[in-house]
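The data below hold one chain only, encoded as structure tokens and taken in the form predicted on its own.
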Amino acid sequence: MPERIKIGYVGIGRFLPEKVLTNERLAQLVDTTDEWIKQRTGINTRRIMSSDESVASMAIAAAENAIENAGIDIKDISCIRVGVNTHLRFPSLAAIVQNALRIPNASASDISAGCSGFIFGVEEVFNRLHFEWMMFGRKSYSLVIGVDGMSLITDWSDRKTCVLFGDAAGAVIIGPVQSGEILATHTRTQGEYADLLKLDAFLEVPAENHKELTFKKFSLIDYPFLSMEGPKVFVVAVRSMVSEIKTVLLNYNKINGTDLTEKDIEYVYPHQANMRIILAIADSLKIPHERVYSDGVKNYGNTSTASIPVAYVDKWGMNPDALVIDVSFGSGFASGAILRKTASK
């Protein structure tokens, strides 16, 4: 059996729509102010898709960027996973990306895990690439994308939610590396909290009369918007993300006989939900705020599954050989963390 190899990020990419939605513009749509939004969320601006952009076009652009950055042949990509919540159709978005990029014979599918879809995707392909190498001696690469068009499901008359969200896509190529490997992963889902953050009108049974088999008629007017009980979500989000960071460190320590703690983490990439959540996580773990990424929430808002890979582009190449953690939380409630080292120069 082959010896274990290092698996990590080979390339990164992202796509941000050009259209910028400011707090001042939102104040013209709903009863809010720039000061109120900044105080409650820390968000200054967010990006919104234009009429000629889509969830698919963003995902494809981010993937192309990551493939170019990695410098690999697309024929070496054996697996595509897309974390997405707003691709409300089939076939899968992963299949659409595969076709657009002409990636032959790859296993391609979507992952629905709320804002944690990207981390769930990374964990899956990390395990898959290790398995393929250990069992078959086969080296290949995987493409993982986090993308969401939150503007599609946001009620722009609801100030509690419309100030939060933006559109974006981020992507990574994962494969064999000399340095900068993924060290441990952890994911979980707490389904008991599912009703606190949801988009569920599509789950309604369409039959009005089962005996006569008459059906409801749906139209665009019936199109649902996301709903969220913000204060309750906040409490569980902070508690869960703190727990995931501790658990992924514990997982690594158990396997390697080490005793890493939060003090050893040089940088954290949290899901960019809002500034209050980000700072609460840092304070709970006693991690200095400057060692926690927060530019994303300020400049792009909550971009759901895209927020962590979008952040990579801002900080790529920073602090070689640093020990970092990515951590996320989303509807479901699905959450998870990745412990990894950054690449050497």
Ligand code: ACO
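All residue numbers refer to positions in the sequence shown, first residue = 1. Fair warning: this is a prediction, and the values are worked out from it, not measured in the lab.
From this point on, the text means the form predicted in complex with the ligand, which you will not see here.
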Mind checking whether each of Arg159, Phe165 and Pro231 has a heavy atom within 4.5 Å of the ligand in the predicted complex?
-> yes
Looking at 286-294, 26-34, 313-321, 62-70, which lies within 4.5 angstroms of the ligand in the predicted complex, counting heavy atoms?
-> 26-34
So which of Leu197, Leu183, Ile245, Val268 gets a non-hydrogen atom within 4.5 Å of the ligand in the predicted complex?
-> Leu197
Exactly one of Thr187, Ser240, Thr154, Asn274 has a non-hydrogen atom within 4.5 Å of the ligand in the predicted complex; which residue is it?
-> Asn274
Does Lys298 make contact with the ligand in the predicted complex, using a 4.5 Å heavy atom cut-off?
-> no
At the 4.5 Å heavy atom threshold, is Lys38 in contact with the ligand in the predicted complex?
-> no
Does the ligand get within 4.5 angstroms of any non-hydrogen atom of Cys115 in the predicted complex?
-> yes
